[in-house]
Ligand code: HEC
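This document starts with one chain, in the form predicted alone, laid out as structure tokens.
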Amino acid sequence: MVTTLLLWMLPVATFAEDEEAPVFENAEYNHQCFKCHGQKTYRYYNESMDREMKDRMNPYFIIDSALYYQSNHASFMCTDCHSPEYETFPHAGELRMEQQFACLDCHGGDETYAHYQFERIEEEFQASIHSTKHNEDFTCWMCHNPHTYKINARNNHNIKEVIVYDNNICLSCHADINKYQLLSDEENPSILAAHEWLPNQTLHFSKVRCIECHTEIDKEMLIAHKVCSKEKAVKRCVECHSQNSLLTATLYKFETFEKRNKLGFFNAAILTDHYIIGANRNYYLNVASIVIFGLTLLVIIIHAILRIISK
């Protein structure tokens, strides 16, 4: 399938004062592209007018080089994925119609990436509502910008950052009417209106990811990719607010909560970051509360018996 390459803008990343930007061998080569595609304006020589021109760069074709060199594809040269013909400027117009690579074009069948389970991800994606409803129009790149995407949940132990990063992927479509209508002529649904049944929306949106409720959980998968229809979304509070909270199989699965279970907390990983009513339970406290309740009841019964005997 031939598609036009669209580059989605993301917030600009900055490096900490004590953190140096990584240096890659391809940086000098890629700089030839970033001279234009990393700026809001670019210059070129117009032979017809016989003078140098300055023009605005299409905002969808601007790539933040700081984000690129923090991404998982940072070691690539631009022409590893794009046609070498882009080395010629001005670029030929038909190059915009070049076909994009899919994830499996590079990662499929490669033992180096076997632990990421790309083949299973592809199977789940093909069965998801995104794929079945939009067919070939919906690709990996609709969610994962190849110029900025980086593994987050597997490497980041800051749960709040994981939530913000992953939810922004969903909101890049569902809160952006321009991108949303590339796939649908329908009015972009209001996130707040669609979740009006959810109590305390602000708290839920900041503490859990969209995929916790909108994907089919597979404990063998690192990240679930089978997005379900809205009719199958999780709406029962007990799914999360219970001892067997589904969050331990999704958001907190990367935390080694089994190792922190020494004090009897079933969901110790959750307890580390948040208190979730019904989920943060402790075995020993449960036993203690039952013992105390039993002793209290026993004292009441003994007291009642003694009162009866005394009369």
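It should be emphasised that the depicted structure is a prediction, and the values quoted were computed from it without experimental measurement. Each residue number is its position in the shown sequence, starting from 1.
One more form of this protein exists, namely the form predicted together with the named molecule; it is left out here, but the text below deals with it.
Contact check for Arg43: a heavy atom falls within 4.5 Å of the named molecule in the model of the complex. For Gln70, no non-hydrogen atom is located within 4.5 Å of the named molecule in the model of the complex, even though that partner is not displayed. In the model of the complex, none of the heavy atoms of His157 sits within 4.5 Å of a heavy atom of the named molecule. Within 4.5 Å of some heavy atom of the named molecule in the model of the complex lies at least one heavy atom of Arg236. Shown without its partner, the chain has Arg209, Cys210, Ile211, Glu212, Cys213, His214, Leu222, Ile223, His225, Val227, Cys228, Ser229, Lys230, Glu231 in segment 209-232 as residues with a non-hydrogen atom within 4.5 angstroms of the named molecule in the model of the complex.
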